[in-house]
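The chain below stands alone and is given as structure tokens, in the form predicted on its own.
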Amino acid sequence: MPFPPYWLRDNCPCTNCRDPRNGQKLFQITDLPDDLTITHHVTGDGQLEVEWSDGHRSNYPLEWLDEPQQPDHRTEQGKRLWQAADFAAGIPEAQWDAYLADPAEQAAVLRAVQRLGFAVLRAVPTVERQVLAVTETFGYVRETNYGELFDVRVEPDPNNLAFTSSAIAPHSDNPYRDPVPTLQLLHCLENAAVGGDSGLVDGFRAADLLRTEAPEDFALLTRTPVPFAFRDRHTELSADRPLIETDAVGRIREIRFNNRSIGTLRLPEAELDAFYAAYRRFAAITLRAELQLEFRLGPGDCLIFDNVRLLHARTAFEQDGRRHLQGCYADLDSLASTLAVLDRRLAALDTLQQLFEGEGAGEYLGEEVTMAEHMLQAGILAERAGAPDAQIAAALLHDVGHFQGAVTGRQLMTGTDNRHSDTGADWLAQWFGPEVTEPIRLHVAAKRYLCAVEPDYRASLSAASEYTLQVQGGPMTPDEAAAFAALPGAQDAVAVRRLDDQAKVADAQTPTFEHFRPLLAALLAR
């Protein structure tokens, strides 16, 4: 077997080894015996089944065993390095309303920040403190000595050159802080000044060029701690960090570059000469015209960028010109988390869509519609009736248990209850809340309930539905009906049940699954 036993056991996915809610391990590595061995293994049905010398059993999906190591999105390995010409067709951007409404659009923006280092949101409301609302769509504001936000405009008594009308060379913010804020946002409220254009440089690209052109200089800048400092009447901050930080295997991970904030480096003369030669070479690379991406922020534009990768700059502007940006800091880990969850939700929608377009084309329990046609009819009937979003989703998805269960709908028709309502609800619960899953869980019981409390209801059932009623337990007893009516999701389940009964019309016109994706995406986010 090509997998080391301790690695394999450390990654056992069973619920005795990992918390099923969060995947955290429930044992320490030292809890495993010193002489751990594999006594037996079988490969088949997409699984590796392992028996261990201490009696434990593990099952591993073969596709998981073959997965490559994921790139570290914080290092150059997970980035696309660029120069200005790469954006000749336009910079990564999105409209604020679309970003809020469409998870795919939000994911595209956040992925651009993660991979390219920046993105611009357009038409963000030009109101004070709106930059904080932008941050809260993906993370948390990092409060600093400048406050939870700061105003970038000409100040009468500035404690930072950013609060003047002077040109600012490419730099990163807060290199004197430990840890440095890894994201910065700048929201333009007004820009009627002559000048004051914005600029970005890919610091990772500049460092990569230095590594190629002068590898000794690159190595020196990665191993020389530089004293960064900031002080005013109320603050004194310092951090000793290299200009270029690499990870344990030498990949570029962070750039701290701010000439205004470098303190006095004290080294022997020869080392100082070598450092300043390397520092000047790196600085000259950051100023190369082909690396300078210049654009103008207009009112409503909000720039989000990676503060430990990109260097940002500004041209000078007239001191009496009206230019006002509000900024704040945040962090990449929250952005990465939000993006990962968005991708997981979008993958869930893709999975559901594939079910509707694949297995959904199959026969639906002897009815004159397919399974997908039946559920799409139920969904659109709920929508046209003005039902709440969660009820529309429940109607649309109420029979997915026929896809997911060990027993198929066809076997249900031969007399075996597949408990598809429970199977479907349990499967959907990994993405949706109980407002969606509980009506699905109870919709079979709702049929039995309605047969007990509404004499005319049973007569309206189709022949197939009458047959499955018997397989699923028949009408409820009075006590069962009373207990059902007291359940929290009973009323919604009854509504879904009625839609289920109506959604069996051959050749009815319905929208595709794509029509319901925005509604489902919004429910996934709750």
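One rule holds for the numbers: they count along the sequence shown, beginning at 1. Owing to the predicted nature of the structure, the values given are computational and were not obtained by experimental measurement.
Just so it is clear, the following notes concern the form predicted together with another copy of the chain, a form of the same protein that is not shown.
Stretch 136-144 is the contacting one of 136-144, 380-388, 82-90, 96-104, since its residues have non-hydrogen atoms within 4.5 Å of another copy of the chain in the predicted complex. Put simply, of E359, D72, E367, D151 only one has a heavy atom within 4.5 Å of another copy of the chain in the predicted complex, and it is D72.
In summary, among the residues A283, A123, L355, A108, the only one with a non-hydrogen atom within 4.5 Å of another copy of the chain in the predicted complex is A283. For the three marked residues, R129, A192 and Q292, no heavy atom of any sits within 4.5 Å of another copy of the chain in the predicted complex.
Heavy atoms of I29 reach within 4.5 Å of another copy of the chain in the predicted complex, making it an interface residue. Interface membership of T351, defined by any non-hydrogen atom within 4.5 Å of another copy of the chain in the predicted complex, is ruled out. Using a 4.5 angstroms threshold between heavy atoms, S421 stays clear of another copy of the chain in the predicted complex. Interface membership of R296, defined by any non-hydrogen atom within 4.5 Å of another copy of the chain in the predicted complex, is ruled out.
Residues of 2-24 lying near another copy of the chain in the predicted complex, listed in sequence order, are P2, F3, P4, P5, Y6, W7, D10, N11, R18, R21, N22, G23, Q24, the criterion being any heavy atom within 4.5 Å.
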